[in-house]
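Given as structure tokens, the chain that follows is alone and in the form predicted on its own.
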């Protein structure tokens, strides 16, 4: 589409300001199962979102048709959309920032130097490697996926931004069975550099995690010192991200409202939103509103420093947007994580007298309440006594409050890992949590 023609047509029909957001994404996904290629998908999507101000109201329209013959339709749709708006909130198109950080490592062309055939062979070989690790492994399904995303933002105030990112993932789902019990695991590596994919290490870890929990039974109910694994900690942080949103604060549904400058966690806890992280598809110098992004420590050494904003919430609070406005996601983080410490996971285990290593939490979408911070979740992991792992445990429930948990963190490990939503955490040693078991 000729954007110049779109801007010209909008101006002729009385649209005061206009902004276009163009997204071009490409995906390649495969999976291997029982020694054969189980899935092979190639997909490409282009989408254009346009917003414009007409008679003081903001109209919007989205299309996947990108030819010049829909220009009049888009302009008319924006006007129609604006006429339905009843809100009296002031609207505006952002003119842009003076500087946008140059970020290296967001797009790696070399990942496409590896042929699709080689990637399929590697996925099949990964399945074979995992099965060979232990005779108790009865099923393996491996996955490889990669994608690229190109974004362009242009508006009538002269803003013209563009970014290109890509990434890939190799993963494996494993089922182990010893004749009496059956357990599953999922392990993966994510990067935009194919050289980062250590298939042998992935095979060993995926197999080890699956068989380690075989024979797991509940432990006795009571309070235990908890080592929350990096995966479990990230999954528990995920539903609580919304309490860092200024929109949640303004709607009175954030547990953190009114706590800026107050201690909300252990002095060991720092929570970061980092849009400049290398090899991440969530990184970028600007958000979907054209605002320059910034590195933020929303909790620094246990003290709440502020919230994530888009243009709308920043306007209400009379401050600058933090660059966290994203189409379809509202106020959203980029790479959001608890900053890793220097403590080793094995040292954390050795320090525990009577505790549980929680490796997996189930049902965080329903069992964790981001408004109150309370959670009650089914968990599995390992019982620890006097620094030694005694046995695997499962069918237990861990309960508590997330802010209380952050305040009770006694050590932060150095093993940061991100989940698929780019929310990450290292393992956290927590003073105590209530466990319901036998």
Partner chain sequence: MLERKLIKKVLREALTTNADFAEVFIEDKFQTDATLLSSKIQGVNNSKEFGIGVRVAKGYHSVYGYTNSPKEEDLLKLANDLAQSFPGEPVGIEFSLEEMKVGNLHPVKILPSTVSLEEKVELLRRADKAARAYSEEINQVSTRYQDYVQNVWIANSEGTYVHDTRVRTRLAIASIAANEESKQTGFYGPGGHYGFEFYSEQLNIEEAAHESARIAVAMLHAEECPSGKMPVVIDNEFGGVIFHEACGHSLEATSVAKGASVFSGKKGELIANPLVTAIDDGTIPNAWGSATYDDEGNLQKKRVLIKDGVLTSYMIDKLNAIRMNDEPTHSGRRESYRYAPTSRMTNTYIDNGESTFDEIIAATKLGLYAKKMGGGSVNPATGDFNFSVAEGYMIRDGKIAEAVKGATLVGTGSETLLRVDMVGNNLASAQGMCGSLSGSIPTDVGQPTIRLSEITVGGRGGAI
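Superpose the two forms; the largest set of C-alphas matching within 1.5 Å is the rigid core. Quantities reported herein were computed from a predicted structural model and do not represent experimental measurements. Positions refer to the first chain, counted from 1.
Beyond what is shown, the protein has a form predicted in complex with the partner chain; the following relates to that form.
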Decide whether residue 135 counts as a contact residue for the partner chain in the predicted complex under a heavy atom distance cut-off of 4.5 Å. no
At 4.5 Å between heavy atoms, is residue 147 in contact with the partner chain in the predicted complex? no
Could you confirm whether residue 363 comes within 4.5 Å of the partner chain in the predicted complex, counting heavy atoms only? yes
Taking any heavy atom pair closer than or equal to 4.5 Å as contact, tell me whether residue 92 reaches the partner chain in the predicted complex. no
Just one of 191, 242, 359, 141 has a heavy atom within 4.5 angstroms of the partner chain in the predicted complex, so which one? 141
Which residue among 88, 200, 113, 99 has a heavy atom within 4.5 angstroms of the partner chain in the predicted complex? 88
The partner chain isn't shown here, but in the predicted complex, which of 245-253, 154-162, 261-269, 340-348 has heavy atoms within 4.5 Å of it? 245-253
Using a 4.5 Å cut-off on any heavy atom, which residues of 105-132 would contact the partner chain in the predicted complex? none
Once the core is aligned, please say if the CA of residue 75 is shifted by at least 2 angstroms between this form and the one not shown. yes
Is residue 56 displaced by at least 2 Å at its C-alpha between this form and the one not shown when the rigid core is overlaid? yes
Would you say residue 399 moves its Cα by 2 Å or more between this form and the one not shown, aligning on the core? no
